[in-house]
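In structure tokens, the next block holds one chain alone, the form predicted alone.
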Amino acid sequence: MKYAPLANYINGNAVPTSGTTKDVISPVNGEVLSTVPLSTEAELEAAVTAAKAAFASWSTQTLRQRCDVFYRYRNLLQDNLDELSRICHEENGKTIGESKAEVLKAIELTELACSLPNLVAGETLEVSPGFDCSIQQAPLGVVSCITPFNFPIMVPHWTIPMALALGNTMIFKPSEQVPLSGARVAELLTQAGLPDGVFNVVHGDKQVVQSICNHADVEALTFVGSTPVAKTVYAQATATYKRALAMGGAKNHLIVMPDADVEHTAANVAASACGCAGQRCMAAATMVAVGEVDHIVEQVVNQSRALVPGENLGAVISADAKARIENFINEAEEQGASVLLDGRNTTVEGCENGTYVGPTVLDNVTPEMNIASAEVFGPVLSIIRTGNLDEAIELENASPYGNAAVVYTQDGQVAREFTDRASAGMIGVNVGVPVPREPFGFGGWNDSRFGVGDITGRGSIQFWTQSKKITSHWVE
């Protein structure tokens, strides 16, 4: 193994598991990187106990004192950029460049947390002579963050800096497929001066997730994963009266109008569909070709062909994922889709045990096909043909998901109509991955999100705190 066996991180210490372990396998080349604990309820209980004990002192520190830890932590992320990028590449399979971009996004999210003293300064108003009303944001207590395999560094930072800087303590459950990044984050937070027990890592599988949802002392949680699991987690968490925000999957539509800039659109669509091997909930799944756009389709294929597995296109997470993605392509071809670019049966020299799917473009996909509605989560672009903008918008609106929707056009009126009518939480105009920069929050609609509010940005402040209203009267 390249790395030592992982342990849970509880109350500032690595705690070996009393349960079973699972191999952590690199999708890059099939190498066993480490082992990860499949924790028991007793180990979760120890972490919650530590977090409860730490909350008393951590929550009474001033906001500025807590943010000072994250100023130092932000610098440690920057100092360890190369190491974190390498770990992300090895355990997730994405390229080094994509991994670096992920760490840089984590730094941006941490910087927003550092600005909290300016965002939650509180309000005071003299409402009548001698009477003052003020409002403060108070932390909730012990909270949890449950994250997926596709962004082992960025997605945890959607919640960790904000939730902790606002005074909560946390149980973090990373995906058991990519646990190395989370373990390193715990070490860096301690190095930055975070007190013991404020941040605890409990590794494991769905059994730990269920235990977190059911634990009476966990006040709130965020979850990111597939829509079926997000629904289950949200239902279980709210059944025990927790705050919960569960982000699900997506089926994003990129509508291409005949007047779209050819080179920009083609490069943008290909990058959106295949970036991070298509394993992101903001990826282009469907290109809706409106009218005569064959010249753009041809360029999309050319741009996609330039993405070479093992060079500028990473691996998918596992052999099971590779098989599932290729089965979607097989099924679509059998149902009549035209395979313009075929990424099946891809191997990379020197990494024959890696799990790669090449860029794939399918034309003449119809809404009735399974691939038109199911989340593939791979570097596969489906092209559906429509006659006009109304048909394209109707197609987008019919999707049960609602993360992202994009239009490519040089017509401002078309762009305005699309942004007004599209049913998604994040809209792009000539932008293939319309993830907002901070402080604008990340959050989809429909079956892409369960719960209220955004998981990042200003809106997350309300999720991680409760307001305390104070009325004062001083008698002379």
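Note that residue numbering begins at 1 and tracks the sequence as displayed. Being a predicted model, the structure only gives us computed values, none of them experimental.
What follows is about the form predicted in complex with nicotinamide-adenine-dinucleotide, which we do not show.
With the partner omitted here, the residue from Glu375, Glu98, Asp363, Glu219 that has a non-hydrogen atom within 4.5 angstroms of nicotinamide-adenine-dinucleotide in the predicted bound form is Glu375.
This chain lacks the partner; the member of Asn150, Thr286, Thr355, Ser181 within 4.5 angstroms of nicotinamide-adenine-dinucleotide in the predicted bound form by a non-hydrogen atom is Asn150.
nicotinamide-adenine-dinucleotide in the predicted bound form is not approached by Pro359, whose heavy atoms all lie more than 4.5 angstroms from it. Of the heavy atoms in Ile384, none are within 4.5 Å of nicotinamide-adenine-dinucleotide in the predicted bound form. At the 4.5 Å threshold, heavy atoms of His295 stay clear of nicotinamide-adenine-dinucleotide in the predicted bound form, well away from it.
When nicotinamide-adenine-dinucleotide is considered in the predicted bound form, Phe223 lines it closely, a heavy atom lying within 4.5 Å. No residue in the set Arg74, Glu111 and Gly167 has a non-hydrogen atom no more than 4.5 Å from nicotinamide-adenine-dinucleotide in the predicted bound form. Stretch 243 to 251 is the contacting one of 243 to 251, 326 to 334, 128 to 136, 392 to 400, since its residues have non-hydrogen atoms within 4.5 Å of nicotinamide-adenine-dinucleotide in the predicted bound form. Shown without its partner, the chain has no residue in segment 452 to 476 with a non-hydrogen atom within 4.5 angstroms of nicotinamide-adenine-dinucleotide in the predicted bound form.
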